[in-house]
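There is one chain below, alone, in structure tokens, taken in the form predicted alone.
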Amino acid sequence: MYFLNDIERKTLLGRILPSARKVGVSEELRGWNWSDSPLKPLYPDERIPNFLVGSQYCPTARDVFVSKVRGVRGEENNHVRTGSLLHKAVQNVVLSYVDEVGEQSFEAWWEKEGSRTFRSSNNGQEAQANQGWVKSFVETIWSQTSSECKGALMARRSSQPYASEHDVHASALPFLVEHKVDGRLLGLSGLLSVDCYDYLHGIIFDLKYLRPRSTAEPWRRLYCAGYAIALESVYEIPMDLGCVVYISQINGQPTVSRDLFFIGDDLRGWWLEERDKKLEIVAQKKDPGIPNRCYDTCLYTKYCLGEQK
């Protein structure tokens, strides 16, 4: 999931990085300038998670109002359940190799995480009806991730035969997975979790599950932008590259594609607009209203539509 293919590597080295070095990022938009405008939060006592800042599922951002002001817990659906299990599976596999534990049993993991997730679902019939294909789907991604990690370790060992095992793992798998970072300086949660940060290549990865026939949309880059600015505010080093990893399926077969990009001024400015708008909703308890059309997998659709009856 977090290894670039040949085309992506060429695109990064031949187009994205040269362009990023030429254009650069305005100093005022670097996370380490969190105490000055425009990064300084207008409502310093409020906190929202980065996924709500980046989310564009609800056209009016009422999901922010419902969850953070009214404290409503969203209703889990199969899309969210599948995405969550994919995240956990990729995390488990990559960490097992990073930590030098080695290959793990998918069946043992599924019994612990997958089956439990379906058993605890509030929507039992819907969940059970989907359990079979979700398990098969996640198992394929599990196997692919495991093969990628093993291949990277073998390639590193063969090219550097005198490297220590620690050096082999740290350089073949340069990943901080589910990296925790404090976003409070920017009005974000203090418990942000970055899907993966590649510390040798400076790339922030965000993993997304797309339903079949869904399209990758530019706004999904906002998540990486938020994490980049938050990491800059804490570590005070530039974070210029983002990559959204899309896991989907075509004709029943799992597919993986990557959107690799420069986290420049335009994207940072867009993220700031979203952060300020959504912090205002929370701080002023301002109901933005129910949109004319709801996203069909929104966690709050039943709650919002229930209010209209």
Partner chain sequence: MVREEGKVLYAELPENLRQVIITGHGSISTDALVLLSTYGVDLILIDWKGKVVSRLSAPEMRTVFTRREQYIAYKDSRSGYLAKAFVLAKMKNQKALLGTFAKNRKETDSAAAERITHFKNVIEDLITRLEAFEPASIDTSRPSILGFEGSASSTYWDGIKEVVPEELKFDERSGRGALDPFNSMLNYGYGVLEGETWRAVHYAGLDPYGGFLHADRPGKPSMVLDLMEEFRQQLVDRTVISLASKKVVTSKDFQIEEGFCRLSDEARRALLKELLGKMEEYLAVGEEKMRWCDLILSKSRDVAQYLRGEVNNYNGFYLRW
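Keep in mind the model is a prediction, meaning the values are calculated, not measured. Residue numbers count along the first chain shown, from 1.
Here the subject shifts to the form predicted together with the partner chain, a form of this protein not shown in this document.
- Candidate site formed by Ser26, Glu273 and Asp276: every one of these residues places a non-hydrogen atom within 4.5 angstroms of the partner chain in the model of the complex.
- By the criterion of a heavy atom within 4.5 Å, Lys40 is counted among the residues contacting the partner chain in the model of the complex.
- Among residues of the shown chain, Asp259 is not one whose heavy atoms approach the partner chain to within 4.5 Å in the model of the complex.
- The partner chain is not drawn, but in the model of the complex it has no heavy atom within 4.5 Å of Arg9.
- Interface residue remark: Pro254 is not counted as part of the site for the partner chain in the model of the complex, having no heavy atom within 4.5 Å.
- Listed stretches are 47-55, 276-284, 245-253, 63-71; the contact stretch with the partner chain in the model of the complex is 276-284, by a heavy atom cutoff of 4.5 Å.
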